[in-house]
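Encoded as structure tokens, the following chain is the form predicted alone, with no partner shown.
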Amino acid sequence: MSLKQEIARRKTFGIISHPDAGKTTLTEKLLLFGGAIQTAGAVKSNKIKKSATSDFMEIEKQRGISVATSVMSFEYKGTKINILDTPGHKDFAEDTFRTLTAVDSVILVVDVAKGVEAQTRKLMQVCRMRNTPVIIFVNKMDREGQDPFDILEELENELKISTRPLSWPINMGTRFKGVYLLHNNSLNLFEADKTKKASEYIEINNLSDKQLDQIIGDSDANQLREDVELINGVFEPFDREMYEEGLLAPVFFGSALNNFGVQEMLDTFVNIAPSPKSRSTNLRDIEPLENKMSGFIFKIHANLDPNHRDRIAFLRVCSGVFERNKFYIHPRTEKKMRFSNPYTFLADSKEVTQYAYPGDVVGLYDTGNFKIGDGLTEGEKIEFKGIPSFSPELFREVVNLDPMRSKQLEKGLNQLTNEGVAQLFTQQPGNRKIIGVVGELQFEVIQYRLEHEYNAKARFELVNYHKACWMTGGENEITGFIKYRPQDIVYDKDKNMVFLAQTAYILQMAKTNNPTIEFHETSEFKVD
């Protein structure tokens, strides 16, 4: 198969949602349809009887949440589908935002009862920044919730995106009977089943077909006719070009837990979702069809396999063909690298792959060479753009509870913060370690993983800082500033100087009193 054909048959997307909207459950059911798993386990918030396939870490299983992005691939009707299942919890939003740079489209899961929630808005903002195409799945229709028309209005108003329903629910909650597929005049009748695929569709000639009344009853049939007439009168027809530009979101209704309404969304996704797109760099846009391989690291995960102290860097292939055992260049360090065991992922397992194509995500065994945002090329010194990071706003000092295991603690802090979920700062004199995060739960996860993966115990003590800022400007000016506030100066892992502002007022005063110094409030900043 040619490179062009391989690219055309690939679809790489992320699944995003507010916590507990059913995102990981939906991921599992997509794997079920792809034949990657045979039986799906039920996932319940904070209480998992059988852990979701895409939740790797022990703490995820205990808490019932996803805290790390999982990568999974499967084949469906001749299409190679790559899923990136992202953390829903707001405290791990930074991992989700970075993951969205590695996908070409998104499926957004919304709880029919709760509608648009705070995290949903933030995630959609990131999608709009990149004009990422979005499909919306309104979940939990087998429970009582908002009127479907109200949900659509809320989606449009809150998320600033046009919608077009492609399936429509027949009642909800205990009265939920199924969905009507507007694009092919067929019914999919609801049957609660958490482990199997949904039943076949029932085709009807049109909505005036008397068979409809016999199947769902006169009252529901008449209501469905009224709803569809209103939909066709109010909503614009589905426009694929608008979808690809991120301006129009097709909407599906169903119940991921009961595996209902998922297949019609998957079938539509395969037909309309974009194949791998170009990626921006500091020199030019990289096109997928280019002969030379290029890609970027969007995630690093230590100890993906608890039985082995491994460190996996996730590479999104952007152009050409990635080959096992072939030498590539790491532009930041100019090192030559080759990988004898590059992995692709299937649920909670991974296997060595010989080749990977644009859109694919490859796991590379890493000994500490990679950082988030690093590229890999066949020689071109490029830097991929638009991989977001955020200045931390919560800070804790690391207190070692077992001095005999200082090396394990140091290694654990370095590896875990390299994954990008936290910033590690060092303050001198005294080699004081301070961790900065964007969400409180990250501290709990880091502490848990230090103990269970590195056998190192630490306590995190509150330190009162408002924000971390990197500084650029004249050498004399920065030297003078350091002398004025030595107690607030730390160094990040790359030995860059950072100002920890204790309050918003102090930060503003620092900017006002030092106009020649630029204070960078994002960790995307890099010192040349």
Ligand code: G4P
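Every value quoted in this text rests on a predicted model; they were computed, and no experiment measured them. Residue numbers here begin at 1 and follow the sequence given.
Form predicted in complex with guanosine-5',3'-tetraphosphate (G4P): not shown, discussed below.
Peer 1: To test your reading of this chain, name the stretch in 407-415, 251-259, 453-461, 126-134 whose heavy atoms come within 4.5 Å of guanosine-5',3'-tetraphosphate (G4P) in the model of the complex.
Peer 2: The contacting stretch is 251-259.
Peer 1: Taking heavy atoms and a 4.5 Å cut-off, does Arg396 contact guanosine-5',3'-tetraphosphate (G4P) in the model of the complex?
Peer 2: Contact check for Arg396: no, nothing within 4.5 Å of guanosine-5',3'-tetraphosphate (G4P) in the model of the complex.
Peer 1: Do Asp142 and guanosine-5',3'-tetraphosphate (G4P) share at least one heavy atom pair within 4.5 Å in the model of the complex?
Peer 2: Because a heavy atom of Asp142 falls inside 4.5 Å of guanosine-5',3'-tetraphosphate (G4P) in the model of the complex, the answer is yes.
Peer 1: Quick one: does Gly22 come within 4.5 Å of guanosine-5',3'-tetraphosphate (G4P) in the model of the complex, counting heavy atoms only?
Peer 2: Gly22: contacts guanosine-5',3'-tetraphosphate (G4P) in the model of the complex.
Peer 1: Answer for Ser17 alone: is it within 4.5 Å of guanosine-5',3'-tetraphosphate (G4P) in the model of the complex, judged on heavy atom distances?
Peer 2: Close contact exists here: in the model of the complex, Ser17 approaches guanosine-5',3'-tetraphosphate (G4P) to within 4.5 Å, heavy atoms only.
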